[in-house]
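Presented as structure tokens, the chain that follows is alone, the form predicted alone.
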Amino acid sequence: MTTILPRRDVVIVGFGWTGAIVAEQLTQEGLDVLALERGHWRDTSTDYAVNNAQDEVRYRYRDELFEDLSRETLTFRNQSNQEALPMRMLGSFLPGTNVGGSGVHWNGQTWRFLPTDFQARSHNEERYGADAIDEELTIQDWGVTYEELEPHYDTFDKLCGIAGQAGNLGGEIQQGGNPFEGPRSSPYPNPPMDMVAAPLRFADAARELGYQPFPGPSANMSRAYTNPLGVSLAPCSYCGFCEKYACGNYSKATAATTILPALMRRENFTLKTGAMVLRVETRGGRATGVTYVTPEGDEFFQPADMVFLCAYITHNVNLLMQSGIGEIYDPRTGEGQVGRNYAYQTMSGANVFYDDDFSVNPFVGAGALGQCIDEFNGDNFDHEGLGFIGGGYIAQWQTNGRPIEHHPVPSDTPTFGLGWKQAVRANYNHTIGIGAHGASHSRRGNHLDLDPTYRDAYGRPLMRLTFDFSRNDIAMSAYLTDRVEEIARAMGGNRVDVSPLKVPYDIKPYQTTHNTGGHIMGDSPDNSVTNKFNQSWDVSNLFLMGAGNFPQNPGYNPTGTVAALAYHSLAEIRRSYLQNPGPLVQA
């Protein structure tokens, strides 16, 4: 039996970065906002304080902060003619759970996409011709521009206290910043982080090769900071427990450390944990609310005037499919939009090994402590004759020297025993890793749909992921990896080991949690699930937040753009929708 609850103005599904942003913005309008989170309440003072041990086994290897696969997971295959099998352990990506979501365990590398990234098809066709885009690619323009998003990137920078050096202020290139970035309306709110030996060695080598290195944009605090909501963050202690861990020092910007202290005091906001949303209910082309179930098995219907899906991308897509909203994509016919254009990221790198006369202390680190170059990202370089489009940034991030996870050794080292131990001892303090963080271009066969065989704990079909790297991604990554090797060899070590992109895509080893697409945005219901304001074309009081809106994945970390898209959507909702509910873009 389903219990029907009193109506709310707004119901939010999932309470990570975008859920918190939506709640903060709409409670300012006086709306009655309810957020439903399937996981538990977690906050810094009670769960992650400085006296909490950053236990690698507990957090990294027993998945304390990650999704519980015993309740729900997804199945995976590389190609549509293969049998998909369920993930029973987390591997390639690590979706978060509980209050704060994946934003709790992110590194804090906070980028803006290039202006041309938002015109991925039209820009490349105009510059290189239509034949330059491989026929298997299904990339498209976003329907929104960098100029439209810039004020909202700025809002997020100031909310988080991003540390960095601007490279382009109002169209004027700034010394020491990224000269390829789009024009900014204001500098970063905080100066760059203090650099240590490894990123400085990378920057020197890059500079000698004629590149323009700059400090990576960081959501780890370079100094004490109070954001526009009046919430204070503390300077980073460079402890090296950012990615896969929660910060106990209030030094990493997350929803919990930037928004919740202000939001939780508002009387028109309610957060309900342990609420697993099973579907969005609709009638007559409008969402009427959501149905959710508690850990005790009690089922509730929560009516609402507006519904926001703010869960991880696979869960947003799954809810659309379980709710019968939109047509599920069929790669054989190209029909349907829900589940189309899933994309990932292309990662490669190199390790530089040194003798005892040069040391780094990898235990002094932070998730976004590093130096980068952007010469080979997007269309920052001439692709004529290269046979691919797109690119990525190259960086040296000194994120950690954690004793179980971090033990770089030469590739011909024995995998166990005395030889391995000696190699770890010899190289732990004398190795620098650098990496290429490349784009992933959507292709026709990559998609999400419902698995016909496996079901979750609630009896629903599991999400099925079909993915492999495109020909374009493989060629692009090979080019980037050559540039990585070039810089690595200029860094003065005694040996360089290169790690190219592994093909076919393997879902088992961790690579990055930058999954995108599946409910992509665009300029028409014929090519997208949402319009430029993240509003469903099919259900006008349903909004979808997160990287699922990306038509393809550019060569940057996605969180800055996820937040900018959310603020862009909310600005239009506040300006227009609340006065006149309905489609914000006429199809």
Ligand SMILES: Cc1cc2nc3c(=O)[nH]c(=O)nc-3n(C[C@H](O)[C@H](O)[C@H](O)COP(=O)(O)OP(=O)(O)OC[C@H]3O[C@@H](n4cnc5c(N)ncnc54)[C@H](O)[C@@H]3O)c2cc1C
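Numbers follow the displayed sequence, beginning with 1. Since this is a predicted model, take the numbers as computed values, not measurements.
One more form of this protein should be noted, the form predicted in complex with the named molecule, which is absent from this view; the next part is about it.
Transferring the named molecule from its position in the predicted complex by superimposing the surrounding C-alpha atoms leaves no ligand atom within 2.4 angstroms of any backbone or C-beta atom of the displayed chain; the site is open.
Taking non-hydrogen atoms only, Leu34 never approaches the named molecule to within 4.5 angstroms in the predicted complex. In the predicted complex, none of the heavy atoms of Ala120 sits within 4.5 Å of a heavy atom of the named molecule. Within 4.5 Å of any heavy atom of the named molecule in the predicted complex lies no heavy atom of Ala163. In the predicted complex, the named molecule stays beyond 4.5 Å of every heavy atom belonging to Lys532. None of 126 to 134, 509 to 517, 461 to 469, 442 to 450 except one has non-hydrogen atoms within 4.5 angstroms of the named molecule in the predicted complex; the exception is 509 to 517. In terms of contact with the named molecule in the predicted complex, the residue from His315, Arg184, Arg201, Arg112 that brings a heavy atom within 4.5 Å is His315. Proximity to the named molecule in the predicted complex, taken as a non-hydrogen atom within 4.5 angstroms, holds for one residue of Gln552, Asn557, Thr44, Ser536, which is Asn557. The partner is not shown here, but in the predicted complex the stretch 296 to 319 reaches within 4.5 angstroms of the named molecule through a heavy atom at Cys310, Ala311, Tyr312, His315, Leu319.
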